[in-house]
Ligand SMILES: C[S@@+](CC[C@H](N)C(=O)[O-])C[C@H]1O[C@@H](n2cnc3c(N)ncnc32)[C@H](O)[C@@H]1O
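Shown here is one chain on its own, the form predicted alone, set out as structure tokens.
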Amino acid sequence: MGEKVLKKNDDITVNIERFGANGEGIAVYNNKIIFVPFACEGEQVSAHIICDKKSFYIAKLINIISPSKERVKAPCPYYGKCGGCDIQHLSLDAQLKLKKNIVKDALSKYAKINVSVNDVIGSEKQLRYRNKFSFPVQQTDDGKIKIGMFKKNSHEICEIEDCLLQSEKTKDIISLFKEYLNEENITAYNEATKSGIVKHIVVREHAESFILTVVVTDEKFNNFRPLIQKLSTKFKSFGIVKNVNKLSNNVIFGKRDEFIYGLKELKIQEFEISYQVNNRSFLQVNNEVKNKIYSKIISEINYAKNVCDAYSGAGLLSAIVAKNAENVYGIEIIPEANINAEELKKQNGLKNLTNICGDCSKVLPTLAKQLKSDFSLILDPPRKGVDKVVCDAIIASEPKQIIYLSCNPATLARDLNLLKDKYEIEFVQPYDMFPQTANIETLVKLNLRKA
């Protein structure tokens, strides 16, 4: 492409050779990678260098000279401004192909595994699929209140009236909440001055009901009656919770919740299990895809004699599996989550479920001896993946099969690299849990290699 050395604020015309792991376009200039968000594979674009690192550049897309046939008009008016979606500019087929390749490339790069990756199982809803949102609320220096999404890599809010990934309720909730703040002269948080009352609103939905958590800095704040009245003009079934967070950090919730009005929890029944969730609960944001994944896990367990669910959290998957196996053991290190799992067990009368509060790396070897390694293992870890000491414990414990559900292809590949000598992969199945974003959920089944 020439000998010129690029630097910050330079403009350049490049050909996008491939996609990156976050859905950005990748070009190469003098053997140095240029990441161009919102550019498509196969396009020629003009871009503006905004970051110059030792081994790569980051550029802002300026103009599409030669558009890809896979490029579509993004449906959201805030796309490219808010920090939410990455790939709304791609057709559905291109999105699914990209996500399959992200998984395949991660396995090749981090685990040196060249295995067949199944086509991505899609979501019936490409928009309006999320059951939860968290929006920051901020007040500008001139007193204007903004509700929206943080722009990428910043704490500057992109003000929105609606989010197309959320339900139809979202627009009304945002509008009514903003009216409430303005009419009652309630201040919102200002990061510069560390002043103001309301910091975030968080909503979880199920069916026609929702719970709204208002995160505030002042524990004495209690002016919620006007909000209740406003929401009641549009909605019949909702709850309001106050959460107090006085800290200036990236954590949304403080430690203390105070119930204000209406619903305390949302009641759900799935897979013969009754359970409750609130805005603190972990629950996959796409119900339809979650149910596809859980159905697949049930079919692979296939009434196994013993199943161990590591990283079992509040116990929902353990409880579902207990309806489809002889004996189930849930392992969770966080005491509060283990207490919730016990309550769920009692609520559903699951006598074949044992919840264990402890470290997987210590519990698994003991449990393996007790079961004589005659068990299947389910892994559903957080984004950081499985700790190496847990992988070592798994290898020593020799479960007959492992079913690994991951939301991060890179850490999934890292962990499979540790397990691959003892286990062979039966299938790798990605799911489109998060349409319009580059995030992907992947289910992998591994079988113990024969001696």
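Heads up: residue numbers just count along the shown sequence, starting at 1. What you see is a predicted model, and the numbers here were worked out from it, not measured in a lab.
Heads up, the form predicted together with the ligand isn't pictured, but that's what we're talking about next.
Participant: Using the partner position in the predicted bound form, report whether C360 sits within 4.5 Å of the ligand, counting heavy atoms only.
Facilitator: Yes.
Participant: Considering only heavy atoms, tell me if F259 and the ligand come within 4.5 Å of each other in the predicted bound form.
Facilitator: Close contact is absent here: in the predicted bound form, F259 is far from the ligand, nothing within 4.5 Å, heavy atoms only.
Participant: Can any non-hydrogen atom of G313 be found within 4.5 angstroms of the ligand in the predicted bound form?
Facilitator: Yes, G313 sits close enough to the ligand in the predicted bound form that at least one of its heavy atoms falls within 4.5 Å.
Participant: I'd like to know if D86 sits close to the ligand in the predicted bound form, meaning any non-hydrogen atom pair within 4.5 angstroms.
Facilitator: No - in the predicted bound form, heavy atoms of D86 and the ligand never come within 4.5 Å of each other.
Participant: Quick check on this chain: which one of Q284, Q166, N306, T217 has a heavy atom within 4.5 Å of the ligand in the predicted bound form?
Facilitator: Of the listed residues, the single hit is Q284.
Participant: Could you spot which one of V251, I334, A192, A207 gets a heavy atom to within 4.5 Å of the ligand in the predicted bound form?
Facilitator: Exactly one listed residue reaches within 4.5 Å, namely I334.
Participant: Pick from 131 to 139, 347 to 355, 156 to 164, 375 to 383: which stretch has a heavy atom within 4.5 Å of the ligand in the predicted bound form?
Facilitator: That would be 375 to 383.
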